[in-house]
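Below you will find one chain, with nothing else, as structure tokens; this is the form predicted alone, and questions on how it binds or moves follow later.
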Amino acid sequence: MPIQETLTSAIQKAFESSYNVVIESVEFQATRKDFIGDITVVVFPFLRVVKGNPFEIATKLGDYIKEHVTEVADFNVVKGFLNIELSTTYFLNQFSTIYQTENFGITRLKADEKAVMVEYSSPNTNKPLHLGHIRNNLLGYAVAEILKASGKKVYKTQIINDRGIHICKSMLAWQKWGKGETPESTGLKGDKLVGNYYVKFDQEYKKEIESLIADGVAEETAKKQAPILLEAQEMLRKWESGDEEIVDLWKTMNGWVYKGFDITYKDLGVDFDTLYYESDTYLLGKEFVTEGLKSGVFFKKDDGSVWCDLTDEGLDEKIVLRADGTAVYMTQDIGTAIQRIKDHPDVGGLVYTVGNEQDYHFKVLFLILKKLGFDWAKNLYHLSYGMVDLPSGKMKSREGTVVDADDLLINMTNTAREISEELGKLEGYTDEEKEALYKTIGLGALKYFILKVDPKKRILFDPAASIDFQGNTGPFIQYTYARIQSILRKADFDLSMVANEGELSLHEKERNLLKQLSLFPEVVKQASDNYSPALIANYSYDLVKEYNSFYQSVPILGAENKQEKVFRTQLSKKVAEVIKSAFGLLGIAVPERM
């Protein structure tokens, strides 16, 4: 039984016997660093049912708890806060349970719970993945893994935006200037090759606009009448009508992009269970507009367009079907959500990992799905996140100024190589082992730097600062894990033996480390409930800080007696397991040596 439950029961009995009143709940918090104690009871809420001096009430409670709860060694009262000191026996018993628990903090799959589908990535097929996509992928993947760790079945998915005018711009530019180039003939990844033609289109489009303006055409008219744009629009019409030549080109160029994406996803360490394509889903949803019209969820305007009135919800009217009967993005998203539940009947909720510029869109989408009567619509969540900036400024895909995801991954590995070589701690490594380590450190630094920040906050990403071996960074935590592995390799005794036989006192640093270690299951639950990998990341840092303080303060393998040596080594081992587990939820690997 968790100590909070034991203490709650004792406190309720104390109030019954001393004041003849019933206390429904007890508020606990971690004891402040400047107070003595391990867990604190907040006394002030009790004053609603018991009149009196908070200090006297807390003292009476403390006396009762100390007498009746064997795990309590002592207590003190500070301004209405009852600080409880737990016994050494309690900590040793708690650690014994933790040590023997396989996958501590991770909940097994709960058969009675509905599955969750997490959507992330969802790129356009006219350009490579960039820095913004990296935050999206890392967030979506980590949230999916955290939800799994809380006992949920999870499907990872994406919808690939493989149609539209932006796709036709790349296709048209390749037709005009590509001279039959392929990824094989150029040695370029397919997504990069196609992205180059998207940039080429924009360059030529701007030239045509300037030429038209020079001939006296108004700027806004020039933007709409530029011949190359009109050609792209005609290509889109041909694609939608099924023109064989255009569809074949579309399939070929998208195929190049998918192969390129797959390489990036593999290097980034993310994966998907299901894929959806906009070319398959863009007509979905129209049938539900018809049903919504019948049920009064939607209404038709005089021009024939169909809308949803959300003014009662504090929003505005939202179009779901144009006057000519064609769908808008909202229609497609309605249909895709419904199709996903049809495809996976065990799914009871969806998480959309999309930037915060789409906050309003998802408020509208979720409200419409609720109005359409879908029970699962109450379990929809928009994992909204801020943009990622570099010191050099904003990124624009069409101008070719984006930070390419592949280039960033290579740069992170190179930065890790430079810093590691300066530190000079890689004696005995083969060149192959060094390269694998640089990649692990570089990728870990990138992922941790991004995931330690609350998703809603904007990030200014500094690659060099992320690969610091000190402070709140991925490499600092990875290094601590590797340090523990070094200790375990040197241990010359059986780590499965019982450490707490006989007399074993606990150093303050050991108690602090045990308290931090025991928090992991609750942190996983909170991270799952809040869709926040940042909680896992910062817990990992706090755990490592406590471990390093312990490491600096007490001898481990050099402990005076065997009981201490075994206990401290076992404690180190479990800390390493939790670091690995926590980082695994973030998609970060930990090296055995550094």
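Because the structure is a prediction, the values reported are computed rather than measured. Take the two forms, find the largest set of C-alpha atoms that superpose within 1.5 Å, and that set is the rigid core. Numbers follow the displayed sequence, beginning with 1.
There is another form of the same protein, the form predicted together with the RNA; it is not shown, and what comes next is about it.
*Asks:* Does the RNA come within 4.5 Å of a heavy atom in each of 182, 251 and 371 in the predicted complex?
*Replies:* Per the other structure, none of 182, 251 and 371 touch the RNA.
*Asks:* Report the stretch among 466 to 474, 287 to 295, 344 to 352, 93 to 101 that approaches the RNA in the predicted complex to within 4.5 Å, counting heavy atoms only.
*Replies:* It is 466 to 474 that comes within 4.5 Å of the partner.
*Asks:* Determine whether any heavy atom of residue 590 comes within 4.5 Å of a heavy atom of the RNA in the predicted complex, and answer yes or no.
*Replies:* Because no heavy atom of residue 590 falls inside 4.5 Å of the RNA in the predicted complex, the answer is no.
*Asks:* At 4.5 Å between heavy atoms, is residue 358 in contact with the RNA in the predicted complex?
*Replies:* Taking the distances in the predicted complex, the answer for residue 358 is yes, it comes within 4.5 Å of the RNA.
*Asks:* How about residue 562 - does it come within 4.5 Å of the RNA in the predicted complex, if we only consider non-hydrogen atoms?
*Replies:* Contact with the RNA, no.
*Asks:* Please tell me whether any heavy atom belonging to residue 555 falls inside 4.5 Å of a heavy atom of the RNA, as the geometry stands in the predicted complex.
*Replies:* Yes, residue 555 sits close enough to the RNA in the predicted complex that at least one of its heavy atoms falls within 4.5 Å.
*Asks:* Given that the RNA is left out here, which of 196, 305, 516, 150 has a heavy atom within 4.5 Å of it in the predicted complex?
*Replies:* That would be 305.
*Asks:* Go through 434, 266, 224, 456 and name the one with a heavy atom inside 4.5 Å of the RNA in the predicted complex.
*Replies:* Comparing distances to the RNA in the predicted complex, the residue within 4.5 Å is 456.
*Asks:* Does any residue in 309 to 347 get within 4.5 Å of the RNA in the predicted complex, counting heavy atoms only, and if so which ones?
*Replies:* The stretch touches the partner through 316, 319, 322, 323, 327, 328, 329, 332.
*Asks:* Residue 466: after superposing the rigid core, is there a C-alpha shift of 2 Å or more between this form and the one not shown?
*Replies:* The answer is yes, as the C-alpha of residue 466 shifts between this form and the one not shown by 2 Å or more after core alignment.
*Asks:* Closer or farther: the CA pair residue 467/residue 132 in the predicted complex, versus this form, with a change of 3 Å or more?
*Replies:* Nearer in the predicted complex, by 3 Å or more.
*Asks:* Specify closer or farther for residue 578 and residue 462: how their Cα atoms are spaced in the predicted complex versus the shown form, given a shift of 3 angstroms or more.
*Replies:* So the answer is farther.
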